[in-house]
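So this first bit is one chain, no partners, the form predicted on its own, shown in structure tokens.
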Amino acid sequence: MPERYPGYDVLAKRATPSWNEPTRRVIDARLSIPNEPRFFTMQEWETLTAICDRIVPQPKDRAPVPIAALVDRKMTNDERDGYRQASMPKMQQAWQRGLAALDAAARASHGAPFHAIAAVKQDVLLKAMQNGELSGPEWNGMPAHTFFSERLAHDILAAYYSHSSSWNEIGFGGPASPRGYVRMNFNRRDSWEAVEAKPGHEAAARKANERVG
């Protein structure tokens, strides 16, 4: 697929008035996260990584966003959302229980842990989880469909879209500190926001995006 925002790199804003020092520190820390587990066990990590690959397949023409590592960091730092469903255990426990239950379902159906089965079989199990069709003692009363929507999809997608690579894909201008955004209505953009390429005008969009800062 053609680039929607050709020539745009949100990191080019790093030394411009768009970002201040606290913003730079936060983004630098996010981009330097090691792609390895600290909270999850290796078995949990392998399952989580396989889930991430199915939920958010990534382009092959750039380095992948380390989604599993970003989720792991959230668990390590106990970065809670400030709310949770009454039917759900605490965030970290929910993830540990959900990963164990998914592995158990994979072994019961296919004789191997989730990360070791074919992608099409992984998709079937994830769809069953989403529909609330998975059950068993490993869930310990936690609803499978609630885990899917409130933890799995929520945390994985939030992790993906917290990274600068995905910001480039959607033309997001990055943190609003200190510059902020002014033109908030539909189809309006501030001068420091990315220009979307229209068919036949890709070169003009690329030229404009290379000046964005």
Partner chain sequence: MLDEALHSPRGKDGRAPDPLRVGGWMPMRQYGENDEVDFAIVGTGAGGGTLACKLAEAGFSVVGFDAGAWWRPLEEFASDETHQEKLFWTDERICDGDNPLKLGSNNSGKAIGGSTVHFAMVSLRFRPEWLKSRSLLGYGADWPLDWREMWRYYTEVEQALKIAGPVNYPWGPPRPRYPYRAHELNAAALVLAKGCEAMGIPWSETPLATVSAPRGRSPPCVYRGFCVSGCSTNAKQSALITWIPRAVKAGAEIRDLAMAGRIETNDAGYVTGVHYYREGQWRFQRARNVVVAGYAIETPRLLLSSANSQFPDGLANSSGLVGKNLMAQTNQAAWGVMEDEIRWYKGPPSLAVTEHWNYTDTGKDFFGGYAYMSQGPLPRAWVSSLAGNRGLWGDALLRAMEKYNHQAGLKIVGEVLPQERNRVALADEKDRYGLPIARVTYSLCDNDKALVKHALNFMSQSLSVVGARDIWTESDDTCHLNGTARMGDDPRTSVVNADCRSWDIPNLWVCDGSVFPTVGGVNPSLTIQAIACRTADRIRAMAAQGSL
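Keep in mind that what you see is a predicted model, and the values were worked out from it rather than measured. Residue numbers count along the first chain shown, from 1.
There is another form of this protein, the form predicted together with its partner chain, and it is not shown here; the text below is about that form.
Among heavy atoms of Pro37, none comes within 4.5 Å of its partner chain in the predicted bound form.
At the 4.5 Å threshold, heavy atoms of Thr16 stay clear of its partner chain in the predicted bound form, well away from it. For the chain shown alone, Gly173 is a contact residue for its partner chain in the predicted bound form, at least one non-hydrogen atom being within 4.5 angstroms.
Among residues of the shown chain, Glu169 is one whose heavy atoms approach its partner chain to within 4.5 Å in the predicted bound form.
Residues of 109 to 130 lying near its partner chain in the predicted bound form, listed in sequence order, are Asp123, Leu126, Lys127, Gln130, the criterion being any heavy atom within 4.5 Å.
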